[in-house]
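Below you will find one chain, with nothing else, as structure tokens; this is the form predicted on its own, and questions on how it binds or moves follow later.
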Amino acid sequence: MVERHEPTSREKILEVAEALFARSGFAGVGLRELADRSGLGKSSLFHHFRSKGHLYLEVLRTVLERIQERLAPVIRSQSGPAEKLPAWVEALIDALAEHPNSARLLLRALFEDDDFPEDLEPQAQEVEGIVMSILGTYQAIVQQGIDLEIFQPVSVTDATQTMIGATVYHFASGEIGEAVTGGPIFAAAAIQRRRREVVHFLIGGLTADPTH
């Protein structure tokens, strides 16, 4: 029998904070609520995280590092872009589907303009760097496919925006997404369908002859 890992206080705070920040955004969550939901006192919060901003950025880092871990085997593989791109997209979808709060949190982080204190700027820049690193791996695969004339000479940046919408937005869409798709978006069958549809959509768009 596999021994179950008992989460530490820090891990519990991060887990609760991810759910709360995903639901209400950075500004909409208070330290008292975080402490109450974690089953800890505010002093315990500050023992692990010196401020709400520090905690928020650590939550983002945790989510992004989970995604990086999922993508790492794909990025290390020696397969060509026609094989690597679907694997990359499927790995991202699996990472987002495994943690239902992640996509909504990331979507909020992309469009909410949170003004962090100056002392948190290095941490904020580091988190932004992880985002750009993840997106950079996608862009590198697309660009390689273009260079090898496997993919059409599309705008790599626009292709990146399309991918974000097809993956992050989908799993962040909540009730709207369920109304559009006609069922729970985190159901196993729905996740498998999403993997097929996004791969078909992206690869089809990159390989289709635009003159026909």
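All figures in this text were calculated on a predicted structure; none of them were measured in a lab. When you see a residue number, it is the position in the sequence shown, counting from 1.
What comes next is about the form predicted together with the DNA, which is not displayed.
Residue 186 falls outside the set of residues with a heavy atom inside 4.5 Å of the DNA in the predicted complex. Contact annotation: residue 51 falls within 4.5 Å of the DNA in the predicted complex, judged by heavy atom distances. Interface residue remark: residue 9 is counted as part of the site for the DNA in the predicted complex, having a heavy atom within 4.5 Å.
Put simply, residue 30 is close to the DNA in the predicted complex: some heavy atom of it is within 4.5 Å. Note on the interface: of 144-152, 158-166, 35-43, 63-71, the segment with non-hydrogen atoms within 4.5 angstroms of the DNA in the predicted complex is 35-43.
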